[in-house]
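What follows is one chain in structure tokens, specifically the form predicted alone.
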């Protein structure tokens, strides 16, 4: 399956333009591909700083509403269009919906999420622990 990284980056940049970032003034956009369509998200800050939502978290919710399909690729960018890597929390959220095979845009080229979040805890761990 061919991933159009330029289109994914453009969608992330367009989503960044919708960000609500009055406190940090650091708008972020994210876009994912699930094999059929692109989903997007932007960061949404809050006056109570800890309640802000990262673009990847908004993306995950939008993806679930749109189709619920597994994520195949994701790109995240800042206001310059520069590639950003997801924070630890967002890597865990993305892992839930794309697994270790999810390709994450990286300045050196796409990398599997499993390389960025080694030994991740996920749904399989919960299933294994149930008796």
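Residue numbers count along the first chain shown, from 1. Everything quoted here is computed from the prediction, not taken from an experiment.
There is another form of the same protein, the form predicted in complex with a small molecule; it is not shown, and what comes next is about it.
Trainee: Report the residue, out of 83, 60, 103, 54, that has at least one non-hydrogen atom within 4.5 angstroms of the small molecule in the predicted complex.
Mentor: Only one option qualifies, and that one is 54.
Trainee: Considering non-hydrogen atoms and a 4.5 Å limit, does the small molecule approach residue 43 in the predicted complex?
Mentor: Yes.
Trainee: Is residue 87 one of the residues lying within 4.5 Å of the small molecule in the predicted complex, judged by heavy atom distances?
Mentor: Residue-level check for residue 87: yes, a contact with the small molecule.
Trainee: Quick one: does residue 28 come within 4.5 Å of the small molecule in the predicted complex, counting heavy atoms only?
Mentor: It does: once the small molecule is placed as it appears in the predicted complex, residue 28 has a heavy atom within 4.5 Å of it.
Trainee: Quick check for you: of 18-26, 118-126, 105-113, 5-13, which stretch puts a non-hydrogen atom within 4.5 Å of the small molecule in the predicted complex?
Mentor: The contacting stretch here is 18-26.
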